[in-house]
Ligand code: ADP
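Next up is one chain by itself, shown in structure tokens, the form predicted alone.
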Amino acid sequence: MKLLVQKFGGTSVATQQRRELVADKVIDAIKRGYKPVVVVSAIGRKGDPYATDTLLSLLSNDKNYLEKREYDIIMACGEIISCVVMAEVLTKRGLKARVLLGGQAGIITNDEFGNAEILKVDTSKILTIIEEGYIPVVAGFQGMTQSGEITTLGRGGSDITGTVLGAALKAEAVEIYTDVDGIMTADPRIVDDAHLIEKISYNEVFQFADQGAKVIHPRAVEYAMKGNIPVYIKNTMSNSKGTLITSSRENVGKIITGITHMASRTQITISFEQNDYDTAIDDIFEILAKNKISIDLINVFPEYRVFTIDSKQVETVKNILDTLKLKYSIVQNCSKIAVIGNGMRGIPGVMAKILKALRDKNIKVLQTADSHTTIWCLVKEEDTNIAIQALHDAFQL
């Protein structure tokens, strides 16, 4: 039995016209010889009647009244509504559809409400429904504890539902439908000549997702990689073949696969010269971790420590450093640009080429870091667009 998981995002099911396009994709999968399993997100985005954020707006902003358990119940409603609406569309098109909540689909989680971890997936019910001639229409973004409590998987959790079901069912592939043609070499709103990446590795797309490109949830990539399930990123509104995410990438002669970025970064530097010697400097990363501060672009030198944080956490970090009586310098309004590509592994001169491209545009690089397949550069936020275009041109993407 050839199984195919098709996940449709909120924009894909937002209107009746688009839901008909979803039905077209499902019917096309059947014509290709697949037994489809459909996963849907809540309808639309904030402001649309049944979007998750719209449902949450019915509550006050004071989270002292409800426990996280109750929040998960209302957050799960959007996907449930979407499932039933989509099932009706499929039925009107002559198909048999059966709606399943995340827990009914066999997704069993821990009780970390709001950001639950999946413990196991029992596919028996889905397989029985398929054998009976139905198309399972599964509510994304949610699961159920072993005691029967509804949980949600965190923002973007419908992608996780799609890939975890794909892996558990040993599906031929997972198709994730959205409102873009696939993964691009750069943000097309910034780079006019950005183009579609036809094939990309799990590692590369994980870097894209982790570094700010909203193409697929990073945890969804992890599940796909563990199950070695091919994933396609496609557009519900077009017939583009999309981007294939798989374990390896064809050698297309490119050192760099693409460029993405994260805005709203703040750089903090703590020097021993300003503070003499203080053990708090050596312990600063542990102290920040205990206060749930996420840090990145860490550089450790004998004379100083430098790192970046999300700008939303600036005041919290400043309060911690002030309490420790540490002196520090701070640079706000930065962007972290990520240059990503398996092809750079073991190739000399990539960093030099990046720095030259930025220098030629008079862009100051505040900090760098690198791995085998990614190089990061911190620049001022005002230089972001010029920097990305310069790098896109330099590597002839």
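Please read all numbers here as calculations on a predicted model, not as lab measurements. We call the rigid core the largest set of C-alpha positions that still match within 1.5 Å between the two forms. All residue numbers refer to positions in the sequence shown, first residue = 1.
Although not depicted, the form predicted together with the named molecule is the subject of the following passage.
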{"item": "Listed residue that, although the named molecule is not shown, lies within 4.5 Å of it in the predicted complex (heavy atoms), from I150, I256, I229, I183", "value": "I183"}
{"item": "Which of 288-296, 262-270, 166-174, 184-192 sits within 4.5 Å of the named molecule in the predicted complex, heavy atom basis", "value": "184-192"}
{"item": "In the predicted complex, F141 touching the named molecule (heavy atom, 4.5 Å)", "value": "no"}
{"item": "Contact label in the predicted complex: A213 to the named molecule, heavy atom within 4.5 Å", "value": "yes"}
{"item": "4.5 angstroms heavy atom contact with the named molecule in the predicted complex for T373", "value": "no"}
{"item": "4.5 Å heavy atom contact, T384 and the named molecule in the predicted complex", "value": "no"}
{"item": "Sequence-ordered list of residues in 1-19 near the named molecule in the predicted complex, where near means a heavy atom within 4.5 Å", "value": "K7, G9, G10, T11"}
{"item": "Yes/no, I388 Cα shift of 2 Å or more between the shown form and the other one with rigid core fixed", "value": "yes"}
